[in-house]
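Take a look at this one chain, the form predicted on its own, written out in structure tokens.
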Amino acid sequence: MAINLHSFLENYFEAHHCDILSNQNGVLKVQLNEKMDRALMNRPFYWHYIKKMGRDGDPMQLTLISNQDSLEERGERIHFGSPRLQQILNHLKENERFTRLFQVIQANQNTALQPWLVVNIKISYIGKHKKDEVFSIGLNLINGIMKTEMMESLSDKEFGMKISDFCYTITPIIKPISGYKRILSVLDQYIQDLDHEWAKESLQELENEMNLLKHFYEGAYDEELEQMEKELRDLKERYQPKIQIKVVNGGIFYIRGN
């Protein structure tokens, strides 16, 4: 059910008009443009200097290795929870949270486009350790069909900001907010069906740490007890298991029906 990380990266860089220099065996080499270099490579002083000199600048190349079994060494290994992926997700969240796109079609007769609500969501399992999962789910707002790995299924289609000639959109039967609630309901059920041994381990670790701390402060005075209470609260914040669901981005995609 989780999104294919490599396909997600492909779609991300293609959507931001970066050239894919090579793409094989889970190794993606990308030529960044200026906008994406500024967003990802943390070179503000370089770009300030280049622009002050009146030059175009030289955006960097980025090689990302999503296949953890790859023997390729020249590149940056990326996985769920890695700083680079978190940076990419934050960039999407801050700049492109919601969009509306139309499938590009060369049509010579009236062609209907159906509205799909597409939502990319990150689920974080936070406790003794942290684990992230990213899901891409699409819901047809006409007939209620739901698909997982939606962004991957759209990768072979071209989209634009304007509707193509001879195309028209069908008015949604399901309101986007209702569709979003359906998607959350599916994810809630997915979470309930998981093995939550990680949460039990985190609670056990919390209990052990709290007992150790209380033993350390045994016989302490009032001021020391106040410090103990603060440290107990910090322990609970660190180890208390919780699950967070965050929308990375999403939108309405108008797609020709099969």
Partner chain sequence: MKNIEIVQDTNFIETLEEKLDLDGPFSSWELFKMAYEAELTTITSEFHGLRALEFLPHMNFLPHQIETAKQAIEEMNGRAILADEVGLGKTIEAGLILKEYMIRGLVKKILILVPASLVNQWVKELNEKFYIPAATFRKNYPWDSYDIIVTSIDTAKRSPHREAILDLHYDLILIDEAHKIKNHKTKNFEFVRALKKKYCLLLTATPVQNQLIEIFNLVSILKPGHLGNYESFLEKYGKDRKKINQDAFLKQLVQKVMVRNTRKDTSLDNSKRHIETVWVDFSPEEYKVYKELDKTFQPFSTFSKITFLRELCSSREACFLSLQKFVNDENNHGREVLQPIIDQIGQLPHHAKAQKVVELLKNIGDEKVIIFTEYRASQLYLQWYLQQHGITSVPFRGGFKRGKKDWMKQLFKDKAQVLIATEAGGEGINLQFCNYMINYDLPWNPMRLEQRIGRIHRYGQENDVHIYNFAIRNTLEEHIMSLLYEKIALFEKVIGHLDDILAELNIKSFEGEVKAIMNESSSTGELKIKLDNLASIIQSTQNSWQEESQYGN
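The shown structure was predicted, so the numbers you read here are calculated from the model rather than taken from an experiment. Basically, rigid core = biggest C-alpha set you can superpose within 1.5 Å across the two forms. Numbering follows the first chain given and starts at 1.
Below, we refer to the form predicted together with the partner chain, which is not included among the displayed structures.
Although the partner is absent here, residue 245 lies within 4.5 Å of the partner chain in the predicted complex, judged by heavy atoms. Heavy atoms of residue 53 never reach within 4.5 Å of the partner chain in the predicted complex, leaving it off the interface. In the predicted complex, the partner chain lies farther than 4.5 Å from every heavy atom of residue 110. Proximity of residue 224 to the partner chain in the predicted complex: non-hydrogen atoms within 4.5 Å are present.
Picking from 25 to 33, 211 to 219, 57 to 65, 42 to 50 the stretch near the partner chain in the predicted complex, with a 4.5 Å limit on heavy atoms, gives 211 to 219.
Scanning 101 to 122 for heavy atoms within 4.5 Å of the partner chain in the predicted complex gives 101, 117, 119, 120, 122 in sequence order. Core-superposed comparison between this form and the one not shown: the Cα of residue 196 travels less than 2 Å. The Cα shift for residue 17 between this form and the one not shown, taken after rigid core superposition, is 2 angstroms or larger. Here residue 65 counts as shifted, since its C-alpha moves by at least 2 Å between this form and the one not shown after the core is aligned.
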